[in-house]
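Take a look at this single chain in structure tokens; it is the form predicted alone.
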């Protein structure tokens, strides 16, 4: 048996390292370490509740809108207000814009560059991967960065700037739009549609989201092999057997994405167990800090009474991340979980055959990117220019509430307690908190820790490429994880 310490990882959000035990040419055990502590929960204590809207977006520079939305929903619950339809739609527009930018960034800048590495130089597709995705000279990677920059001008219009926009409040959005602005935003959406249809899919978005079976996907690939970056990825995935790499837990979680004015969701919520969908019971969520450098509390605690107190001298601790569990079970969250909860037939068929893995995570994210652009088109058409987008709100002196939303990387929750008009406790469970959790007090590994077991490691290899594929397939955001 040999031991490896892999990290700090490049091309991920934040600081991450993974400790591995290797036996017989494969990983036998893994421990995931979020190496940085920040303490936003402590910063927020004693502040006015509305100050959370200023602080929490600064947790992350890549998904700050989703942090704002979770905080605003918790505050809306405390204030007892419901945003008007325009406020809901404008919030959805910003969420979709940010999540789509995340998916694009992950595919072109974080995940695909690994296939341009020298270790794959003898593969038939390597030259194409090098030309398209190399971190130094990839043509499509450069085009994706430019497309992303123009896409985020939508956020500049709706939030004044990005990241850390300030227009999302408990009562909706403080920034409405005029008819002429809606027209200009539509031009940005059309530009993103053009990039995706020309470079990523080489096909209309409607054709991509209509893929509903493995046979349909196979026919789509055969018709124009390697044309478009998604088909190239699928060819690489088949050659390398990525569906056999990085199997996660057989439970996934989605809080439901893009709440509508009537209370429904564009993407349904649910816990998917491979056979059926269950409503997530939020009261059954706990966090176990047994293996975190944080106060333990003697048991796994619900986030409503959770603790975030640094405790550096714990002998069993190895990370700054707690271990979230739902009814004591490990869950995976992210685009794969959303597509499974929403009933996407292709993703459910792949899940039935090979469960969560590197292939299904990246494919689910790619299909969702097309959905998000179609969603922005529909949302823009649904917004009523000049109509009210916000209602006033008054923060009570006492409340215990929570706000949920779906970030690009998965389910995000904020739990807020107010006493005497001030924040008494604030706890956050981010998507990567679920996916990259440490062991709990029962010794059960987190989702990534389990997914890494069985990953091949060549003799003498200190940075196994299979491990990197698995880690990046989750698209980790460690800055959100350690708050």
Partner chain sequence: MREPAFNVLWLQSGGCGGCSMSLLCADTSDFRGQLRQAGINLLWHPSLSLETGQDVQQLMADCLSGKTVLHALCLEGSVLRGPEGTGRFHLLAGTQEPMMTWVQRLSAVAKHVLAIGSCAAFGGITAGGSNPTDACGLQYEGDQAGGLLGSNWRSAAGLPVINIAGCPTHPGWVIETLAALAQEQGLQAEQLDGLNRPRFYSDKLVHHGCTRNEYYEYKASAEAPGDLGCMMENRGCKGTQAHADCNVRLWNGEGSCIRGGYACISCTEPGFEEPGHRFDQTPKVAGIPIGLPTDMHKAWFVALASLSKSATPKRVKLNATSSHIVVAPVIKKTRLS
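Numbering follows the first chain given and starts at 1. The structure displayed is predicted, hence computed values, not measured ones.
There is another form of the same protein, the form predicted in complex with the partner chain; it is not shown, and what comes next is about it.
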Interface stretch in the predicted bound form with the partner chain - options 140-148, 204-212, 348-356, 365-373, non-hydrogen atom within 4.5 Å: 140-148
Three-residue site 228, 231 and 256 fully in contact with the partner chain in the predicted bound form at 4.5 Å by heavy atom: no
Contact flag, residue 402 vs the partner chain in the predicted bound form, heavy atom cut 4.5 Å: no
Contact flag, residue 167 vs the partner chain in the predicted bound form, heavy atom cut 4.5 Å: yes
Contact test in the predicted bound form: residue 316 vs the partner chain, heavy atoms, 4.5 Å: no
Any non-hydrogen atom of residue 38 within 4.5 angstroms of the partner chain in the predicted bound form: yes
Listed residue (250, 191, 397, 386) with a non-hydrogen atom within 4.5 angstroms of the partner chain in the predicted bound form: 386
Residue (of 182, 378, 161, 223) lying close to the partner chain in the predicted bound form, criterion heavy atoms within 4.5 Å: 161
Any residue of 80-113 that, in the predicted bound form, places a heavy atom within 4.5 Å of the partner chain: 109, 110, 113
